[in-house]
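Okay, so here's just one chain, in structure tokens, the form predicted alone.
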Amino acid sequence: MIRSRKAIIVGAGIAGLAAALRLRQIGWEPMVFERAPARRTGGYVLHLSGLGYEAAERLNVLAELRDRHFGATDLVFVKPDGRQRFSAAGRDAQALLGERNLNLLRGDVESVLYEAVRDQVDIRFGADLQTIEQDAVGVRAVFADGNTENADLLVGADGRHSKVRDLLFGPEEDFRRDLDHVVAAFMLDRLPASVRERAFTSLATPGRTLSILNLDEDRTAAIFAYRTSDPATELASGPVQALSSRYGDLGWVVPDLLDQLRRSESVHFDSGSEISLGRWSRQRVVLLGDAAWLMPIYAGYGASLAIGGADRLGTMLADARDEIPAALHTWETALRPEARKRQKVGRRNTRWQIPSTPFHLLLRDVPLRIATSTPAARLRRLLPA
């Protein structure tokens, strides 16, 4: 009788849940351990495309993700006083992305993956990893509550501040590249009165941006991003103090947003950065998602690569037999060029998404006006796919 292989997955975010689902598909017994006491909600906006879209099909969650797809929203660009600078119809903006692209909230993606895997996999919250030991035949993880688990493989899918990465390769500072900006995202209690419904409304001044995405009467997200040469100090001050200091001089709906920020129970607040590692695995421990290749937020591909990477990892392990370290190396070699390419795109996009001067703001807006114009969109629809 063939023994079922076991996997310890640290992290119950997008990468970890996708890995659990894929490993279960190939006959493994994954166990998911999450340090947080419960699942997170809310979060920023993301696109699912490319590898991620293809993986969602193979993981049999594409239909559920399509149900969460919020479709095309109008783009509205405003001046600091709230007056409109220019706008683009949602259908024209969506044409830039193509049909095999879903617009989603991070929390919705996690919810779909969680519902798909929760009855198949043991998922434990409040599990704080302490140590990892491994040898030629297995890996053992010890948690703060004294629980010890043994498995054939350990997947570190515990995000940008990965404990698995710290234990495997060293502190985050050795591999993080700060991109000199800070991002904050949170869900609003309500849509400010002067902001258009079903729209992505954006205000940019040199060195800072803020955007408001309204999906329906119950879901509105705010995203702030600003340049800084000292992200650590900004993060240490906390989101309320940092954003109040950086945006407090603006009028329009900004005071309302800052007031809602003070009441928010869940705020994503972190530096804009990327992770670059010389390798993603060691023996029977492998990093996945942000823990391995953190993307700049403006790459627009972090979730896609996390789900696509999890899918490909499962495929490689299905054919690995007992050569798990070799399979991990082959998987990494194939996926690494895509991660590098997307990080490069993210760095370039960051320069345009947070314009540093009025001139850079103009350089951003002119091609955007042209690309999202109705004539350009009509031309794209006439071209072969």
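Sequential numbering from 1, following the sequence displayed. These figures come from a predicted structure and were not determined experimentally.
The same protein also has a form predicted together with a small molecule, omitted here; what follows describes it.
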Interface check vs the small molecule in the predicted complex: of 116, 297, 221, 141, the one with a heavy atom inside 4.5 Å is 297
Of 168, 210, 185, 121, the one that lies within 4.5 Å of the small molecule in the predicted complex (heavy atoms)
185
Of 349 to 357, 26 to 34, 61 to 69, 327 to 335, the segment with heavy atoms within 4.5 Å of the small molecule in the predicted complex is residues 26 to 34
Are any of the heavy atoms in residue 12 no more than 4.5 Å from a heavy atom of the small molecule in the predicted complex?
yes
With a 4.5 Å heavy atom cut-off, would you call residue 289 a contact of the small molecule in the predicted complex?
yes
Contact between residue 318 and the small molecule in the predicted complex at 4.5 Å, heavy atoms?
no
Please determine whether residue 128 contacts the small molecule in the predicted complex, using a 4.5 Å cut-off between heavy atoms.
yes
